[in-house]
Ligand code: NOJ
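Given next, in structure tokens, is a single chain: the form predicted on its own.
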Amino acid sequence: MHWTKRMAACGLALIVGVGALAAHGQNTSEGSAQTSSAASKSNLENWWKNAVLYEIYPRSFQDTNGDGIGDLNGITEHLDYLEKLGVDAIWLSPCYPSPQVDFGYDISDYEAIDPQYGTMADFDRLVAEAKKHQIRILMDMVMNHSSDKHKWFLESRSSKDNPYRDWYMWHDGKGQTATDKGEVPNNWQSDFGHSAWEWDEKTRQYYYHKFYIQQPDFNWNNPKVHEAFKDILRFWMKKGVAGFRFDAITTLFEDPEMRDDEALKDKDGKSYLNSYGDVAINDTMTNNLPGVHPVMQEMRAVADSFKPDVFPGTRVFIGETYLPNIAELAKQYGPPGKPEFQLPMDTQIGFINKLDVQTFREKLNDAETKLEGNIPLLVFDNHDNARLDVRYGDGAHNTEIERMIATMLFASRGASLFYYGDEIGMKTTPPTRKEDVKDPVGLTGWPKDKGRDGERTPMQWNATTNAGFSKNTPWLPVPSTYSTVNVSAQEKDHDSMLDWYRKLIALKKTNVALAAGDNVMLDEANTKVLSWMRKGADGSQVVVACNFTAEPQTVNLTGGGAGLKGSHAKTLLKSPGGSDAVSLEAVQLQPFGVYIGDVR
């Protein structure tokens, strides 16, 4: 166990011991026991507030049966690695039965495990073994749509009077007659290209799909859909799941008046085509409509009323929330007395996709000051976006830049979510030929959009064949970098990316200011270096400085009335080869360098 988990375990043992002594009539303070018990309960309920969350794309993590596809047993096999890394919870992208049109996000059964990932017994074993490592399991919950092979949709499309017909979004075409299907109901588009409406000849209506044709949208105006998903949540919580990440959650509802979306305009005021060859439109009629909030309040009430089982404590709700501004993100936490998400993703920070000091300063400050005291969830990477090297790298300093991004992720206030392989600096490796593309996004958008295969390549464990991922041909090619960029090599290198992640996460867990302290921006006029202070409740202060340029920088962190209690710092962590800060009036940073120090 790393330090915090060992201390938590010791704390629980102490509480049990105190209770046992009291039961046998020993001279134990009832007030002290109650205080300890209350503190323990608070820690369990609030485990997510400073949590380190790790997304695993199961088919790419570890193959144990030689079919070239990762599986649940492969995740169980690496729990020691994840505990040493400092992970509190694993978010599994979907491992339910699926035709795999969208690699699991087209679900055909919400209460089972797809055979290519293993069995339900394998899942139960993963939950049980993860608990031994003090790691929780979070499931991906897809409530916007199902697979067109789900039994509910098969029933829905069987006839217009089927009881499940109203579980999905069906609509007549414009100008439709008994012999002519007419035109699509409106101009709404699929996020994966072309019209969001698909004609069904058997029942002679169109059904709506925000994503692929094979992913029909649920009708969330139907109360039976609500009840079905409450039962699904209960099913997995009974299995010991500690929470859920809700996929595409802002897309549950559509404009009831079926109005067209507006065409986007270029700088000359003209409409233009997107990468799929369609007229680019906004999605204000199909995204972030107010009906999402009462739905999530319902779902949260189910989770909050569920009795703890495998892991005591709060079931956490994480939202995939791509939103236009901080005010909309703040709404995702829910109004007083009606909670929704504990951790909606603050994608406004992690997906800026350019190294601009002022923008990062503004967005991080928004997370500190404009979320009404709620806990931010920072995330810079996931299975739907090119990895950090493509979105932030300059080609010459990618490793240094990725260290800097990790610093923003773990040294800022809140919970932190990262993607498998980030901790070793895995690179985006897109296919070079269309015939090698697996992701339907790439098949539709080629060559402008090569799809998401490049960020889903197998985890690079060692320098053996297929990077130690599989004994046979992997479902996606292993990048050629695996011979040097792998876990085994980096575990032996104290200047490696893996070592940087482990040290950062350990600081996040053990340093009072970094664990829960406020974020206070420093040197705010600086356009080259982003600096901030973490201010602990015990008066401790930690300064963090990140150089956003390819040139060395020297910064003064003491100006501007920031309230630093001293002008010197003890180094906690610095970029390899970096200087210790003798004085906070002259902190020296290498190109894209980082300094973290305890103020003295």
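One-based numbering along the sequence shown. Since the structure is predicted, the reported quantities are computational estimates derived from the model, not experimental observations.
What follows is about the form predicted in complex with the ligand, which we do not show.
The closest heavy atom approach of Arg452 to the ligand in the predicted bound form falls within 4.5 Å. The closest heavy atom approach of Asp422 to the ligand in the predicted bound form falls outside 4.5 Å.
For Phe192, a non-hydrogen atom is located within 4.5 Å of the ligand in the predicted bound form, even though that partner is not displayed. For Arg245, a non-hydrogen atom is located within 4.5 Å of the ligand in the predicted bound form, even though that partner is not displayed. This chain is drawn without the ligand; in the predicted bound form, the residue among Phe211, Trp500, Phe380, Tyr117 with a heavy atom within 4.5 Å of it is Phe211.
Proximity to the ligand in the predicted bound form, defined as a heavy atom within 4.5 Å, singles out one entry of Arg456, His150, Arg136, Arg387, which is Arg456.
Remark: all three candidate residues (Tyr105, Gln215 and Glu320) come within 4.5 Å of the ligand in the predicted bound form, counting heavy atoms only.
Per the 4.5 Å heavy atom criterion, the ligand in the predicted bound form is contacted by stretch 97-105, the sole one of 500-508, 217-225, 97-105, 288-296.
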